[in-house]
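Just one chain is shown here, as structure tokens, and it is the form predicted on its own.
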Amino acid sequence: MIIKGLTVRFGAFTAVDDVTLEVPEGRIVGLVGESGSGKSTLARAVSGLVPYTGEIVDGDGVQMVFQDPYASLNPRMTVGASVAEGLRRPTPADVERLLGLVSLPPQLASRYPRELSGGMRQRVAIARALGASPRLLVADEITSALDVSVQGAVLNLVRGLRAELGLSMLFISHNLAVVRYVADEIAVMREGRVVEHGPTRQVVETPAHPYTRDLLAAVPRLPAP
């Protein structure tokens, strides 16, 4: 997927300003920036949830996973019914396969979101998105609402899905350490613009923009990958 000159305005306020960015096939591009930088608005534009100007090439087949898994799942639907939403002709075997992809047992299909932990709910949300066989998965702050103890497991799941399925992903977070762990490339957003973009090692070890250096200084020292 290629984003060309994408701009999102809300009245006189420009939330995303002329962003050009490519998410290559089978790669994870991490989008990082502080709150208000425009990264989540860009995610919603790519997912077709807010109007924009500009162009998105190969933008069909995008699925989004949101920050709060409880809010994104219908509390009146079972896990199995939620996961089946993305399938054209769902069968119990399809639901079991999708739950297996996110390391959840098939017995959870009959349970409700309120009966699950936050980490399990986020896995269900990911399974539902995978059911639509997306060309691009947009993950917007998917670990920030989770306990620290389960964040690592979800990040490992993301890496595993990319390796197993060849997923292309736009992975969004305010936490540069999290993005660095999962992403092949990092794009840094500030005030609606991408101010730096490059391979993860390059951005982390030799940041070119002062804002990127500020983000790096705000997290514990990162060991070499």
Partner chain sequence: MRTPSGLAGAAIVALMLVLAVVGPPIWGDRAELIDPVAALQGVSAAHPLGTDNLGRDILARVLVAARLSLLLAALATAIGAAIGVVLGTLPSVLPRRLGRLVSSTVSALVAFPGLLLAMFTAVVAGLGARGAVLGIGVALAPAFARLTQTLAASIAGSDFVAAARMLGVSKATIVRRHVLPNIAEPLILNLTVMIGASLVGLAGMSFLGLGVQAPGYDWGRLLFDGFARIYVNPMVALGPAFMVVLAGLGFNLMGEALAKSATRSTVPKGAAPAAPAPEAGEADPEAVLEVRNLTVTFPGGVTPVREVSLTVGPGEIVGLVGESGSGKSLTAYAVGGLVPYPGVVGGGPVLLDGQDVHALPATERRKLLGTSLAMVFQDPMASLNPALKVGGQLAEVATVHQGATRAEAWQRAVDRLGHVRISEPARRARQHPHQLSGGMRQRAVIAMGLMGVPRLIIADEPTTGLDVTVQREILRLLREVTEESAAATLFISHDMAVVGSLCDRVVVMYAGRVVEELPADRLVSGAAHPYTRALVASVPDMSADRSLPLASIPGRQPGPAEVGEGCAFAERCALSTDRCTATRPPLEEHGKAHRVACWEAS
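Numbering follows the first chain given and starts at 1. A quick note: this is a predicted structure, and the numbers were derived from the prediction, not measured.
The same protein also has a form predicted in complex with its partner chain, omitted here; what follows describes it.
- Taking the partner from the other structure, its partner chain in the predicted complex has a heavy atom within 4.5 Å of a heavy atom of Ala71.
- The shortest heavy atom separation between Gln107 and its partner chain in the predicted complex exceeds 4.5 Å.
- In the predicted complex, its partner chain lies within 4.5 Å of some heavy atom of Gly152.
- In the predicted complex, at least one heavy atom of Ala217 sits within 4.5 Å of its partner chain.
- The contact with its partner chain in the predicted complex, taken as any heavy atom within 4.5 Å, belongs to Val178 out of Ala45, Val194, Val178, Val29.
- Not one of Ile2, Asp94 and Val102 is positioned with any heavy atom within 4.5 Å of its partner chain in the predicted complex.
- Annotation for 1-34: the only interface residue with its partner chain in the predicted complex is Glu34 [heavy atom within 4.5 Å].
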